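In structure tokens, one chain follows: the form predicted alone.
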Amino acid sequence: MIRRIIFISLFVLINATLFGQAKVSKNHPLTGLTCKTCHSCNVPTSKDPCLNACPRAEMTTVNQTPAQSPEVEVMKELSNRYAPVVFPHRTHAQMSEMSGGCQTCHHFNTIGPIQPCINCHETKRQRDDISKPDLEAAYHQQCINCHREWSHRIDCTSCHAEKGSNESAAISSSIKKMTGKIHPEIAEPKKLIFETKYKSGKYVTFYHDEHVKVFGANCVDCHKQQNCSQCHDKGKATMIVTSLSGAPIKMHKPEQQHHKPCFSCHQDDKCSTCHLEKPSGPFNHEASTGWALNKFHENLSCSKCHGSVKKFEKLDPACTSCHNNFIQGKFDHSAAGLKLDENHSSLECENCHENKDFSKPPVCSSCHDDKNFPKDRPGKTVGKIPSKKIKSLK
């Protein structure tokens, strides 16, 4: 029995030595993971590791917002020929939201913390594992493609400053310039007119500035999985500036590519909402909803009343559906532009506003046979009262 135990132990030891997994790297993120996360069999070996499809993308949970990221990083590990590179990290983090997020560069983060490149990529070019790029190659692989597409050239000095006597001063100056810097401004189109092949309405008019300034959409809501050159390509600057004048420009894209960013908000809308027989004007709240905005609402953001930017909810036109402070004795009527006199300040709201529908003008006939609003007002005007009758959505 003892001999059998010794034989089994030796067999396991020899197999583990010859075929078992190599020493685990100090950066291997084992915390919270099990062998089954990556291996499909109980005893993975070097010859048969039984590897599952890499679950890294699904496991990534360390997605920080740009505001949580460092503003500027100084890359000084490879400052032999050139001075350290001052990298505007937060600006790139903001732009990465429209492509792949943090993992575009930090591509091996499962349970965190976010790993700096040097933790996995060696500074030495001569290394044992040539399947993994060294640090210089890793940096260049991440940066060069975007910079080539953007500027159509690659100059070492666009990122690297030459070493010299003023090196420290140059680095300090660069850090100061980049601190607090946000995503660079670009020329945004005001209006785009798409001429489609849809028979029931071939024109789609898209007001870009309206979606951003009025509806509160963020760049990433529409611009997803896009690279920098689609907005920043210097060779396309003329096309972008041309659209600023309001003159329509034609753009040729596949149908699915046009619809995909719109459907995230307009998935329940009919085709005729966007496809019309002729180019349309900007958004008009009264024409689209039947409810004209008065002075108290015209400067509010859409999400203030309608909720999420992604999906605006249709509202009950009764003021009390949003305003629960229209209570006798608590509401200051002056906020509505009319300070009530002594004869009316003690009345209930429904004495003048039938069914508490404040979207319609007040009614005097319940108490007065010879009075009408707005000719006869129950107090002193303290602001402009909308004279236009507001239509009801009911």
Partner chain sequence: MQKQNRRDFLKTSAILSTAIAGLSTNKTKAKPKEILSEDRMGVLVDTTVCIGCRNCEWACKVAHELPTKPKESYSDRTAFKKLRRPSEGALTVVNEFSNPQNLNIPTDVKVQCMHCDHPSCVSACIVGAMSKEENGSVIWDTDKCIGCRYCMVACPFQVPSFQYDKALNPKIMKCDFCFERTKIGKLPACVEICPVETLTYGPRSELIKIARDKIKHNPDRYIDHIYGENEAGGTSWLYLANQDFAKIAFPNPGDKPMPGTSESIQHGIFAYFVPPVFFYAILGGIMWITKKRKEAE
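Please read these numbers as outputs of a predicted model, since none were measured by experiment. Numbering follows the first chain given and starts at 1.
Omitted here: the form predicted in complex with its partner chain. The next part is about that form.
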{"item": "Its partner chain: the contacting residue among Q267, Q126, N299, S321 in the predicted bound form [heavy atom, 4.5 Å]", "value": "Q126"}
{"item": "The unique member of E286, E136, E188, E210 whose heavy atoms fall within 4.5 Å of its partner chain in the predicted bound form", "value": "E136"}
{"item": "Partner proximity in the predicted bound form: H152 to its partner chain, non-hydrogen atom cutoff 4.5 Å", "value": "yes"}
{"item": "Close approach of H140 to its partner chain in the predicted bound form, 4.5 Å, heavy atom", "value": "yes"}
{"item": "Non-hydrogen atom contact R81 with its partner chain in the predicted bound form at 4.5 angstroms", "value": "yes"}
{"item": "Distance check, I144 to its partner chain in the predicted bound form, heavy atom within 4.5 Å", "value": "yes"}
{"item": "Contact stretch among 312 to 320, 89 to 97, 126 to 134, 267 to 275 - heavy atom within 4.5 Å of its partner chain in the predicted bound form", "value": "126 to 134"}
